[in-house]
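Consider the single chain below, provided in structure tokens and representing the form predicted on its own.
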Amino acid sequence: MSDFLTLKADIIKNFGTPCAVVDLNVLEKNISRVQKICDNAGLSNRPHIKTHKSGEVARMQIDAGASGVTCQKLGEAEVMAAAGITDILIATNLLGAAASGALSALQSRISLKVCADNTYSISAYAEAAREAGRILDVLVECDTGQKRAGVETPEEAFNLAQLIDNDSHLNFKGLLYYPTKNNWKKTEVFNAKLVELLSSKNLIPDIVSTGGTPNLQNLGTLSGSTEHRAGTCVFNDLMMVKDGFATMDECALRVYTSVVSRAGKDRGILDAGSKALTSDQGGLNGFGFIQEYPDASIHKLAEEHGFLNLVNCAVKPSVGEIVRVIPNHVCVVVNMFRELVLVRDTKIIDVIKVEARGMLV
């Protein structure tokens, strides 16, 4: 039996399928690669943990040189704090966490950094900071083309920065950007105008933060930037392969899944459906790449079923066979699993919990 067949047998025997399996060799190379990109650009690396949701993986990134971490939700920040990480930026408006008291509770324990793009959030942050008894650092989020969150003009950002600076419970910490890959020139113009406005009031941003794995190719092209937030690059996925950032061999995570039905000549069923691979296609066709059968497609998902189209396969899988699927969008796939199985050279090394799984607030 080959080493990979032995590993597959060990996976289903010990964990069943579907199972999320991470190659430690690839993971370590990915962490090292991104740290080197940031170091070469003279920027701090603040990885986004929404991809791996694991305190252990975050510690690997910190040990490799990351300055801190980025979280998407307060619950994720709680998990990172429990892992001993104290330099934490939360990159969304935290209205629910502020209203529930969770923000003030964590802020009373460690000094957080949060972001805002409106006066309502700033007011909520001021109240949370007052309750925590500790000044809260706030970054102003700016939109330069993503059309998600963030103010759309330098003047709006300037007004929010002044509002933050004028509140005794808040500290204006800096600026948060998430440009699209091709609009960094627009971001440069926006940032230059904003910094000019801020300087007129002696408001100097300590942090100018950019984000996104595809944007790693743009590091160093935004004047005054101090750090970068990238998440997907820790594992990579088919979206990053399509983007050109990664190859298949640089995708660290595979979903091991069993062929459970071959009721038709050119079709089959996997035991990984939308509860494992997720319905997020990431703009791609199908729901993942099957490593053993590259001409097969996962063309449809039900909750527990992955529907295989095998019409283009000269050799087709058999019932009971275990295949490895590279996900389209790894961040949402990780959130579906309670644990990740770590392997090295086809040997099971460890099992780690996805501690920040399901942290919605």
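All residue numbers refer to positions in the sequence shown, first residue = 1. Keep in mind that what you see is a predicted model, and the values were worked out from it rather than measured.
What comes next is about the form predicted together with a further copy of the same chain, which is not displayed.
Only one of 267-275, 207-215, 220-228, 241-249 places residue heavy atoms within 4.5 angstroms of a further copy of the same chain in the predicted bound form, namely 267-275.
In terms of contact with a further copy of the same chain in the predicted bound form, the residue from 42, 294, 320, 65 that brings a heavy atom within 4.5 Å is 320.
Proximity to a further copy of the same chain in the predicted bound form, defined as a heavy atom within 4.5 Å, holds among 193, 148, 201, 186 only for 148. A residue is said to contact a partner when one of its heavy atoms sits within 4.5 Å of a partner heavy atom; residue 155 fails this definition for a further copy of the same chain in the predicted bound form, lying far away. Contact annotation: residue 38 falls outside 4.5 Å of a further copy of the same chain in the predicted bound form, judged by heavy atom distances. At the 4.5 Å threshold, heavy atoms of residue 5 stay clear of a further copy of the same chain in the predicted bound form, well away from it. In the predicted bound form, a further copy of the same chain sits within 4.5 Å of a heavy atom belonging to residue 118. For the partner-free chain shown, 302, 303, 304 of 286-304 come within 4.5 angstroms of a further copy of the same chain in the predicted bound form, judged by any non-hydrogen atom.
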